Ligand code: MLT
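Have a look below at one chain only, the form predicted alone, in structure tokens format.
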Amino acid sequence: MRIVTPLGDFALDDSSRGLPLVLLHGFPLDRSMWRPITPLIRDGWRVIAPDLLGLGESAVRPAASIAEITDSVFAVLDAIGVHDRVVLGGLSMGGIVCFEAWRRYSSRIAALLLIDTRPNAETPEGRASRYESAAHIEREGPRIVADSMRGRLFAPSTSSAVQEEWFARIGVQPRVGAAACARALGDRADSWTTLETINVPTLVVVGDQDVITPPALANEMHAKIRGSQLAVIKDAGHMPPVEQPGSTASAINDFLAGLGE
């Protein structure tokens, strides 16, 4: 599905039923990463998964900030007529967008899912690395990101077929958009203090073998967010929705069920 917004054209998957559950993918991927769990989400929930600005089939800009990416998510929701509060979830970069969304759009958020993500700003060295990566992506394409993530993105037990499928999906992302997102991640705001302001139900999810945003970091986030829940997905690395879709959907469903209690 494609829609037109004031910020450009965007592609999204929309199950068009029930209460809105909005899921934001990681970098540099697209909305397809949610498809393994979408059919497993409990009845009564409308799963909306957009391609973020610059990735997948959405609008591409040579420069974008996390704030602009966040604005585009809510422009998409406006365009499809979703004005009520949503459950907003994001993995990795998608989680970083969730932090920004809480700062900018908290009145439109009923609950949060923070999946294999991190709240810190980049260090100066990290920012320089992101910018260097962006330059490499522009010259050689995002496959260079896939290559840099080998041995880190997935749990060792995740099948090679699954790993290669998703590395291939990284490799075909738009060069300009992926580079812009890399720079946006390098420039992202620190969100540690934001965690202490979150006052809606929140589920923190992490793969037990995630080496990019490890369980110890998820525990720190859980401790900072008052009343939050923590779910550790066994035999998963940084991509639980595609490595362990059943367990990931089960954790999300348990959380969603609690929202109605």
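Everything numeric in this text was worked out from a predicted model, so none of it was measured. Note that residue numbering begins at 1 and tracks the sequence as displayed.
The following text describes the form predicted together with the named molecule, which does not appear among the structures shown.
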{"property": "Non-hydrogen atom contact Gly26 with the named molecule in the predicted complex at 4.5 angstroms", "result": "yes"}
{"property": "Val211, heavy atom within 4.5 angstroms of the named molecule in the predicted complex", "result": "no"}
{"property": "Non-hydrogen atom contact Gln163 with the named molecule in the predicted complex at 4.5 angstroms", "result": "no"}
{"property": "Interface membership of Arg108, the named molecule in the predicted complex, 4.5 Å heavy atom rule", "result": "no"}
{"property": "Of Met93, Leu113, Ala179, Val76, the one that lies within 4.5 Å of the named molecule in the predicted complex (heavy atoms)", "result": "Met93"}
{"property": "The unique member of Ala155, Ala134, Met149, Val86 whose heavy atoms fall within 4.5 Å of the named molecule in the predicted complex", "result": "Met149"}
{"property": "Candidate spot Arg31, Leu53 and Arg169, all three touching the named molecule in the predicted complex (heavy atom, 4.5 Å)", "result": "no"}
{"property": "Partner contacts for 175-203, taking the named molecule in the predicted complex and a 4.5 Å heavy atom cut-off", "result": "Leu185"}
